[in-house]
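Single chain ahead, written as structure tokens, the form predicted alone.
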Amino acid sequence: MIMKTFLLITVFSLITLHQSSLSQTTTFSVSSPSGIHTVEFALKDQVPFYTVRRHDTELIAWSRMGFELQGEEDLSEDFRIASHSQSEFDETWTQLWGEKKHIRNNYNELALELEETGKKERRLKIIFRAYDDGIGFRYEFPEQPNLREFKILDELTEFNLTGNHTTWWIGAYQWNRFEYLTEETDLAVVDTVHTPFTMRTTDGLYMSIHEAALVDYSTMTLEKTDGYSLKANLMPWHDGIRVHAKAPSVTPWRTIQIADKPGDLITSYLILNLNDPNKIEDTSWIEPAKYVGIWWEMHLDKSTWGPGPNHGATTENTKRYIDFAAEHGFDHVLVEGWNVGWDENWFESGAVFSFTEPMEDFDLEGMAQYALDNGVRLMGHHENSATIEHYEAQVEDGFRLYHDLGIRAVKTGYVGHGQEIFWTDEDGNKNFEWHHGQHMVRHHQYIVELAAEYNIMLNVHEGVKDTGLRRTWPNLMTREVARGQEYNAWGDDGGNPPNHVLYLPFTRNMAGPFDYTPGIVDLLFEDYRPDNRVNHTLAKELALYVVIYSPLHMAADLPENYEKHPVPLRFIKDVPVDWYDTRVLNADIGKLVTIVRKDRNSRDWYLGSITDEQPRDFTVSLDFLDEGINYIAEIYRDTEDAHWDTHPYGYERVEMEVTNHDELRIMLAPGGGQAIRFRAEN
């Protein structure tokens, strides 16, 4: 699966040594392969610090590192350098599925082992990796006699920025987890925010701070301290402990992706590169796919999750969706509300669900077989309302049942307010935890590994943020962890504004695939929720299939609505979910983005371009198309009078012959978009 081009490891001596009258400062540095980025590390009065430059521009000023521990001396000062080494690494590896098939992993590494000068002589290792698209670093706790099991009260990692940058963010520690609209402000007004935290520097560079390979640790938020300084703020346990740790172990990587242009952030694969290679031996059952399902109709109040006269997940209704999927080539049919428990007060007390027992009006085994007989599979659904003990007691039986029925994908749900995850201690006390603390990171790791045992792909809603673990566990297909399409159905703030999806590629999608559930063609809901609507044009809904990456993409609307709109349905059926390459033709965060992707299984290319409330008119070169091939451009575009508010259905489909020597004019209506299939002819 991995194609290595070369691996060269060398060890270097001390790089720089500075002497002052007050103290001795030993400075080490490492630069990226092309010399674009440089990380420096120093012990200043025996305290660890680092700094980051892009060429000659300082992006991260000297920033402190280390840990505050409970019940023992902190791991933050009185260090000396016990050893140090540098190495170079270059490989090209192949994603099982993804937005780019072959990814180059090329970095220079600096590894430092620090040792306390006191009696305990505890050791802390820090690893820096410098890439041409950013840097990553993490801490390692080696096996040692004086550091075994310990509790982290605070991670002292700082990101001391050098100016009042423009930033895009959502606030941390809110009741609705990550499901908020993006804020665009100066750094000066930021408080504590989730990552990815994206910014444009005062010098016009773009950066995004996040983390990679989050396993058995708490998720990192960023807290603004003094001036333009940020500090790691880890989601705590109920008792204030941030992380329960033991040696040997490692932290997640702290990542800083850096680019001259915002589009280059989208095509940075630094976070994936910092994760371990695939651990699943037989991956034949892992397949990107498109799906339909019994979901949107509940958000419209056409039907209900719970039993009754309008129950959605009936045998009859499921068969209708299966027939539609089979006719139009969709791979899975999601069925929500199929199992016992939805008639209880599940939102307040979710310990009511069975994950093996269907409701009386739903024939699970019969529908699973009917789907298979028609070349389709059911997609399972496990909503647990954040009652983790209840879910973990049944989940293996649920996965086993699905596996036996030929179900290969499961959508999980953890609906619950902020700090609502609980577990019961040995005294019978319920301890409430945040959705994104170490307790839940451990839970999700257990679920993804268990799912792999039963050949189950996962689509996780209300979970923890993505940190690139899909490379290691490729059955972890996609996640929600953001504000999705459903807010258009019932959001009391009018739903997602036209610019919401213009932020996502540079914020939420920087972390990984997003199950946004695009493809609504009945934009106004006049028969169900006339006070709500989708704040896009129809062409923009189609373009989202290219702009927002997910290996499991839903055609979210009702079958009857697609039957009324066969032309948009044609593009939804055609557009792939697995790509050979991805390029960004233009980008302005929150305003405009145009992305092209090449199908992994053909010579076809696809374009998605979307805008905010402002119309756009520009020209793009088609030089990304393959040389020597004639293409038919199948264009789904806004009409001249289209407008997200006044005329959202204004679209047209046209065709023209093009080659990679041509240019194409793109005109986007206010709140509009354009979707194109470039179909190879020869």
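None of the values given here were measured: they were computed from a predicted structure. Sequential numbering from 1, following the sequence displayed.
Keep in mind the form predicted together with a small molecule is missing from the figure; the text below concerns it.
key: in the predicted complex, the residue from H381, R254, R471, R377 that sits within 4.5 Å of the small molecule by heavy atoms   = If I apply the 4.5 Å criterion carefully, the residue I get is H381.
query = the small molecule isn't shown here, but in the predicted complex which of R122, H536, H436, K411 has a heavy atom within 4.5 Å of it?
reply = Filtering the options by heavy-atom distance leaves K411.
query = Is every one of R64, F197 and E211 within 4.5 Å of the small molecule in the predicted complex, counting heavy atoms?
reply = Contact check failed for every one of R64, F197 and E211.
query = Looking at 141-149, 308-316, 188-196, 480-488, which lies within 4.5 angstroms of the small molecule in the predicted complex, counting heavy atoms?
reply = One stretch meets the cut-off, namely 480-488.
ask   = Taking 4.5 angstroms as the cut-off for heavy atoms, does V415 touch the small molecule in the predicted complex?
value = So V415 counts as contacting the small molecule.
query = Should W295 be counted as a contact of the small molecule in the predicted complex, where contact means heavy atoms within 4.5 Å?
reply = Contact with the small molecule, yes.
ask   = Heavy atom to heavy atom, is W342 within 4.5 Å of the small molecule in the predicted complex?
value = Taking the distances in the predicted complex, the answer for W342 is yes, it comes within 4.5 Å of the small molecule.
request  = Give a yes/no on whether K465 approaches the small molecule to within 4.5 Å in the predicted complex, heavy atoms considered.
outcome  = Residue-level check for K465: no, no contact with the small molecule.
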